[in-house]
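Before any questions on how it binds or moves, here is one chain, the form predicted alone, in structure tokens.
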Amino acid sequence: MTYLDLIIDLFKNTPRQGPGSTAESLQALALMDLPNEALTIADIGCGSGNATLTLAQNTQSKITAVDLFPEFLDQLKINADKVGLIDQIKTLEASMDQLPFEKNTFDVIWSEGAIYNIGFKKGTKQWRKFLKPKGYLAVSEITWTTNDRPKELNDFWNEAYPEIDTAANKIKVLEENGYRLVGYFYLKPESWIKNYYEPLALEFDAFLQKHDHSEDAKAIVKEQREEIELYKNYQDYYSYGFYVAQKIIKTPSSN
């Protein structure tokens, strides 16, 4: 197995591939003034589909669930079939920066904890064309919650993801790329610890045993343990911000 294959193998059976909760997905959904009719939704970077299923259960929608890795999509289909939602969900194996959609296709584009793969600015700019006029974008994105941070934390995240920024600057990016902010909020600590990190940590021993404690497997577990410890130590300084914005209709004179 390659290093990437091992990472997928660790994460594919976890309930979530990033921080979040059903309650926070519904909180974001409630910020939208959606018509009471059938909707088209794209869930980009859906992983094994926790948010996808929440959207299917709480909207009249046809959802296109997009992920680069078929292992996650296979698990999503199993999960959807178990709860009788398979007919609402179409899976698509694709890169989020090469999406095969027509312009003005979706009422909602959703992406929890995944847009960092291509960058917040690039993702929001590229995906806008796939939204219908006045369609909604809902994304969760790693965000500083204070202006001043400990150097260790600042150095870690600026190396891992240089686009990490404050909510004010994330909102500015949205406004500069043809959206108006509808609302935003930060994920709660339990969405990180209880919903994401604790289930992930439960997989470590079995994962290491399965892969004979290989150097790559041990390195992956070490990285994850360090990230968990970092969050526990510095959770007051960063979180995921959940941003909900609406595509504005530009006038002919707009750039």
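Keep in mind the model is a prediction, meaning the values are calculated, not measured. When you see a residue number, it is the position in the sequence shown, counting from 1.
Just so you know, the form predicted in complex with a small molecule exists too; it's not on screen, but the next bit is about it.
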| item | value |
| --- | --- |
| Close approach of Arg16 to the small molecule in the model of the complex, 4.5 Å, heavy atom | yes |
| Non-hydrogen atom contact Leu230 with the small molecule in the model of the complex at 4.5 angstroms | no |
| Leu68: touches the small molecule in the model of the complex, heavy atom cutoff 4.5 angstroms | yes |
| Touches the small molecule in the model of the complex: Tyr116 (any heavy atom, 4.5 Å) | yes |
| Location of the small molecule contact in the model of the complex, chosen stretch of 42 to 50, 197 to 205, 28 to 36, 212 to 220 [non-hydrogen atom, 4.5 Å] | 42 to 50 |
| Asn104, Ser95, Asn169, Thr146 - the one with a heavy atom within 4.5 Å of the small molecule in the model of the complex | Ser95 |
| Contact residue in the model of the complex, from Tyr136, Tyr184, Phe120, Phe72 (heavy atom within 4.5 Å of the small molecule) | Phe72 |
